[in-house]
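Shown here is one chain on its own, the form predicted on its own, set out as structure tokens.
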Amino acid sequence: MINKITDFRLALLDWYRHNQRSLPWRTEPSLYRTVVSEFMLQQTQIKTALPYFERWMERFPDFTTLADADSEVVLKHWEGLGYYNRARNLHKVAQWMRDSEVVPDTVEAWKALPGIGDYTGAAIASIAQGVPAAVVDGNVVRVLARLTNEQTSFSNNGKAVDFFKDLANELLDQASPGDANQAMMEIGATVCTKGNPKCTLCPLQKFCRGFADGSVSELPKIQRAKREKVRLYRGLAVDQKKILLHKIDSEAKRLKGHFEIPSLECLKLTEDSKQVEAVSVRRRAISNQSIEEHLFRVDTEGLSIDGKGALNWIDFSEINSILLSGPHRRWLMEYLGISTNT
């Protein structure tokens, strides 16, 4: 394959130009839209990010508008995407861009800004500014591992990314680095997929050693971390038209400043208390955690809440305006029978 790099680049770019998905940051490209999309896509699938991107652009159409916005407003518009430090860092980047007289134009310059690492820096610089720097994510690792029939077993995805960086840069079309990077990610997401790869439709089939060897389905070889199982017990306490919620400390590692359904421990109750009644069990996953959340209806008689601490009674009419994690908002709305448009 190394002897046919020019043919490889032409095949990849030709496929991309005829088969790329129509995405808003591609149809109306700009530096700002590239930055926003790359932050949103760091840990979110495209189909999930799309509606958020459209709403974001309506509210924050440029760096200055975003930079001038209050942090609470920024987080509110990010709500449901998770990993909120991305929104905080994007806000800081916008403020830096507003206040700086210089626009970063190298991968290293972008990496000096909050929340931007190797991948995001290379993506922004190559796509928006034509800097010849390869991006390597899970999709690209999968494509390169199959192309080279790489049999190395990697302890984690980060090790695999590091391993394939040099090859990715060697294969990168220097004249069209942005399209070349997007093409590699696109083919990994739509053709060279993790399960049921569409090898018969792949424009890179003739370059693929994994296909020739019949080992595509086995690659890449990456040891997956075991998911930690977490069980939580939470209380739904309603009094008149108010619900008791817990506000997460501003110094917390995750969801700082957000409200959440309080734990029974926070309410000084247990799942065996006579004051609670099981309602439902909800399951979700965050990073390497598999979380099982047990929701209980709480009898409010005897609860003593002064409203001055982390526990606060929130009026139903305020629920849509406060910061809540996406899952907790959905569960609350369902339990209370409230529309998200109320």
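All residue numbers refer to positions in the sequence shown, first residue = 1. Keep in mind that what you see is a predicted model, and the values were worked out from it rather than measured.
Another form exists, predicted together with the DNA; not displayed. Remarks below refer to it.
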>> Please identify the residue among Ser176, Asn169, Gln95, Asn139 with any heavy atom within 4.5 Å of the DNA in the model of the complex.
In response: Asn139
>> Only one of Leu255, Cys199, Val131, Val238 gets a heavy atom within 4.5 Å of the DNA in the model of the complex. Which one?
In response: Leu255
>> Tell me which stretch of 203-211, 119-127, 265-273, 101-109 has a heavy atom within 4.5 angstroms of the DNA in the model of the complex.
In response: 119-127
>> Thr44 versus the DNA, in the model of the complex: is there a non-hydrogen atom within 4.5 Å?
In response: yes
> Is there any non-hydrogen atom of Thr48 lying within 4.5 Å of the DNA in the model of the complex?
Replying inline: yes
> So in the model of the complex, does Arg234 come within 4.5 Å of the DNA, heavy atom to heavy atom?
Replying inline: yes
> Taking 4.5 angstroms as the cut-off for heavy atoms, does Gln289 touch the DNA in the model of the complex?
Replying inline: yes
> Which residues, if any, of 141-179 lie within 4.5 Å of the DNA in the model of the complex when only heavy atoms count?
Replying inline: Arg142, Asn156, Lys159
